[in-house]
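As a starting point, one isolated chain is supplied in structure tokens, in the form predicted on its own.
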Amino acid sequence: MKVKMLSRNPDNYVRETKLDIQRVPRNYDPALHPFEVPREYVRALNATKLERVFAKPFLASLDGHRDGVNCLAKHPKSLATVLSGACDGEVRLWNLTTRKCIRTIQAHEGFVRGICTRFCGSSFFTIGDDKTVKQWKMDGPGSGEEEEPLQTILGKTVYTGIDHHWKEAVFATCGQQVDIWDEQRTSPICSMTWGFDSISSVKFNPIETFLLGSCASDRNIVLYDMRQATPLKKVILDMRTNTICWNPMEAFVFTAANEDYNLYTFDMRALDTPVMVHMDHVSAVLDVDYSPTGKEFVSASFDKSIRIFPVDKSRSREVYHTKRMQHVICVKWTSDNKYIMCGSDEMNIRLWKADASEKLGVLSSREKAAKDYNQKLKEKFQHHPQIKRIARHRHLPKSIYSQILEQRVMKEARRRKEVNRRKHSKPGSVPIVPEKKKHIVAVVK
């Protein structure tokens, strides 16, 4: 004889304490939920609206500099430590936890052109308009001791950029040429040059650490191999590139910030066509930095805003601006992927959330579950017109908004002119050039 027993586990329906919420049994049979999709749509709409309501990205302003902030650097080991260099030659070390300046150094006469930390975090290097490279201890001097650099290298020309190797005691500077230095020597190991114009920035690849990229004022982006001490190849664009940044997850991919308001993501194996052209800024892009995940990057522009772009999208997902923020010169994405720092003309360093509506602090398990559920709902219904409109909408300053409209009119006029020219020309004489190839002049190997 078959015996069926009913068993009820009190853990499934009895509260542990009176303060707990009553547990409600749930039947997952789809026949009992005929309005499941409309209900989920309303939840997704509410989640999207609440995301925009809670989008408060600005966290803090670190003020103390007496001139515009020209460069920023992250500490490789400590999340809370940030270094900044100003246009009056002053270098400051900041603690992001307390949001206070912990050390001030009068490092150079004139601008601090670049700052970078050693891979172990024990010291950092600065370069300035006084033609010197200085190495400083990360820890401040003891009581009664003078603030002195560990070593000073006097160069022949002004250096405009510096970057440190990710694994070895080697750093690179740029100016009239790209110089590779050993930390123990006062003259460069090797100098590399291709062309005669000044080079504005140099960056080591974080994965293939012997590779360097530099951008020069004659519109070139040049790639070098440190092992052969020779340039590999260069790509010439329509306008000057201000800086580049390598993707920390994909060894061959880098993004260039250009004067023509766009950013170009290249694969160094095929430089004749960029992987993606990122368009949204309305003025020259001055700096770019990748997130540690390699899926997004942040760009700083002369149009007084910073934007966050997904690597595979041509339009930005977020734009940050304030009334007081002027031209943004440098930007950094912190190593924990949570915050963005930017330094601007009006002497402030601002701290932003990378995810504008993210709740800071410890989340309870129910908050985490609700957040994940809402995220999945937003992804499921992201292409519905109403949800898409709310998620995409951003308030912009009037200056940026009016420039966007103006550039839209100019772009449409150029397109119309090209169509008319093609219409009234011999077939094939006016070729159709894709947007990606329009801005590349040549690739030289």
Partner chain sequence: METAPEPGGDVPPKKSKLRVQRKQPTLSSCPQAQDPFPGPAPVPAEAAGKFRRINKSKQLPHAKAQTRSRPHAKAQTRSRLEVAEAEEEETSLRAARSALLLAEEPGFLEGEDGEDTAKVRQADIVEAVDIASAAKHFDLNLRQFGPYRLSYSRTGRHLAFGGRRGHVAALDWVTKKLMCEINVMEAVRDIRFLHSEALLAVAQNRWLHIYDNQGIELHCIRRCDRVTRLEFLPFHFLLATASETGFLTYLDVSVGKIVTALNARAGRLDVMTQNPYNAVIHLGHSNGTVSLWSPALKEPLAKILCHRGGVRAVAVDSSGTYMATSGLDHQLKVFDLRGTFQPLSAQTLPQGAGHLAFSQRGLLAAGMSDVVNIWAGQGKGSLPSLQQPYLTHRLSGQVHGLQFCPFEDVLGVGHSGGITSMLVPGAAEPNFDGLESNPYRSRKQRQEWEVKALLEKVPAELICLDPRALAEVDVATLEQQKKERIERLGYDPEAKAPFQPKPKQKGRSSTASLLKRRKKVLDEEHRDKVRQSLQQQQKQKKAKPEGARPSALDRFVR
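Think of the rigid core as the biggest set of C-alphas that the two forms share within 1.5 Å after superposition. Because the structure is a prediction, the values reported are computed rather than measured. Residue numbers count along the first chain shown, from 1.
Below: the form predicted together with the partner chain, not depicted.
Query - Contact check for Gly64, Lys137 and Ser143 against the partner chain in the predicted bound form, heavy atom at 4.5 Å - result: Not a single residue of the candidate spot has a heavy atom within 4.5 Å of the partner chain in the predicted bound form.
Query - Heavy atom of Ile432 within 4.5 Å of the partner chain in the predicted bound form - result: Yes, Ile432 sits close enough to the partner chain in the predicted bound form that at least one of its heavy atoms falls within 4.5 Å.
Requested in this report: Check whether Pro10 has any heavy atom within 4.5 Å of a heavy atom of the partner chain in the predicted bound form, and answer yes or no.
Outcome: Taking the distances in the predicted bound form, the answer for Pro10 is yes, it comes within 4.5 Å of the partner chain.
Query raised in the report: If you check in the predicted bound form, is Pro427 within 4.5 Å of the partner chain, heavy atoms only?
Result: Flag for Pro427 set to no.
Query raised in the report: Is there any non-hydrogen atom of Ser402 lying within 4.5 Å of the partner chain in the predicted bound form?
Result: So Ser402 does not count as contacting the partner chain.
Query raised in the report: Just one of Lys56, Arg408, Arg415, Lys398 has a heavy atom within 4.5 Å of the partner chain in the predicted bound form. Which one?
Result: For this set of options, the contacting one is Arg415.
**Report entry** the partner chain in the predicted bound form - contacting residues of 1-21, heavy atom within 4.5 Å
**Finding:** Sequence-ordered list: Met1, Lys2, Val3, Lys4, Met5, Leu6, Ser7, Arg8, Pro10, Tyr13, Val14.
**Report entry** Core-aligned C-alpha movement of Ile21 between this form and the one not shown reaching 2 Å
**Finding:** Passes the 2 Å threshold, so yes.
Requested in this report: Take the rigid core as the frame of reference and indicate whether the C-alpha of Pro434 shifts by 2 Å or more between this form and the one not shown.
Outcome: After core superposition, the C-alpha of Pro434 moves less than 2 Å between this form and the one not shown.
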